[in-house]
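Next up: just one chain, as structure tokens, the form predicted on its own.
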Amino acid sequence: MLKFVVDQQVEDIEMPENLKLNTFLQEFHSDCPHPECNFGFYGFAFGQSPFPVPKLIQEALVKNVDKGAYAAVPGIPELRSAISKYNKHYFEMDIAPERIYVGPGTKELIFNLLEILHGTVILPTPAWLGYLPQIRFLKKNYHMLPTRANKKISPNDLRKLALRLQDRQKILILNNPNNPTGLLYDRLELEEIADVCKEQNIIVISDEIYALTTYDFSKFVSMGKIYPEGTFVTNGLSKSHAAGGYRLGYVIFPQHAIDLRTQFKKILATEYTAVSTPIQYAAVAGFEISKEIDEYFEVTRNIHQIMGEYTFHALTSIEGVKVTKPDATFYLLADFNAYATDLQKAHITTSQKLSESLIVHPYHTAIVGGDSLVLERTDFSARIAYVDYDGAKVYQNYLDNKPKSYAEKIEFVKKNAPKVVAGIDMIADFFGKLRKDMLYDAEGKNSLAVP
């Protein structure tokens, strides 16, 4: 029989953590013998906005289904112009359309940038689970930059690391607002990072896909505004417009990077020619300034904030748990390391095993563990995505009766996101039982019983 040989470069790549988790969940449900398993699980693992795609985009897609011709490689002119005006309106950046290139999602565009840019990559941790596999696939030199207790980049640490690197050019991946912490870098913090970048010849890939989810949007500042000569800004439809399946993102090139744009165009043309033409025309409606889109952004970010504040307070009420308080996105980072000794005694020695212990009966709770976030395997931190609810219903319920007081917001979450509430209760039950079992075992009264 003919045997197919896979290139070693592909053999060396691990399956992305989100797909590994999805496979694990599917296997778990098929194997679980308990009737309760039929309901599914409390989903804190998957980072997808639950809201409907804005009607304007849906209608524009329907109107443009006949667009069967190939589009220009950088994107159709109407879309690049709309994105230019969008950045002027929301981010106060004057960006010529010629500096904007459209791609099939920011994930692909970041990959394309890493393809053409020479230099060592600096990856702050914890990080979105998609960056490291791309860096490894491209065989780029890279160094982790662990963040401190505040989970943000320290300019001094960045400088010390850059001074150790031999490459003339370094590449910093900056994710702002941040996945998995939900934190936002303010103007002063960005200026201090930019000062180091200018001094050490560090260029920045600023992944700003969550920009429009910033709860107090007046506080968001793009790194492209602070360091325009050295920053590539990526953004798109996935998070702010709840249109991840449309697979459309864009990158803004730094000022004067004309030769680089020519090289980038060559890469895009070689790899995928252009983004789907009907999708591009639909995206024009999403990036045009309108009352409908403004309302959509306001409502969705307000709901994310209500859900985030509830999740933050509920998790911090669990003894020993530390949690980042999100400024944006629909994530936060929960630190369970106060239970490290108890977890290890229960033979839960890695964050992956913690994730597995939480998903089995009776807890049924899915999280993304620290090893998926480019943390040490023994770091018992986890990303919590608080979006396990029916976005269409919650959106309408918010419009019908906007909660104002703290008590009304709590009631809003309990009524509209019962799986978020129940899932946090399950996390509390897990760690409560863990500690109880450890106390009993220390007294010789009980054996460990954590699944």
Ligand SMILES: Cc1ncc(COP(=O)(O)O)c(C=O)c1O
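Note that the structure is predicted; figures quoted are calculated from it, not measured. Numbers follow the displayed sequence, beginning with 1.
Below, we turn to the form predicted together with the ligand, even though it does not appear here.
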Counting only non-hydrogen atoms, the one stretch of 125-133, 318-326, 71-79, 222-230 within 4.5 angstroms of the ligand in the predicted bound form is 125-133
query: Are any of the heavy atoms in Tyr210 no more than 4.5 Å from a heavy atom of the ligand in the predicted bound form?
result: yes
| said: Contact with the ligand in the predicted bound form for Asn112, defined as at least one heavy atom pair within 4.5 Å: yes or no? | reply: no
In the predicted bound form, is there a heavy atom of the ligand that lies within 4.5 Å of any heavy atom of Asn179, even though the partner is absent here? yes
| Any of the heavy atoms of Gly105 lying within 4.5 Å of the ligand in the predicted bound form? | yes
The ligand in the predicted bound form has a heavy atom of only one listed residue within 4.5 Å, and of Ser240, Ser381, Asn175, Thr311 that residue is Asn175
In this chain shown alone, the residue from Arg247, Arg301, Lys152, Arg261 with a heavy atom within 4.5 Å of the ligand in the predicted bound form is Arg247
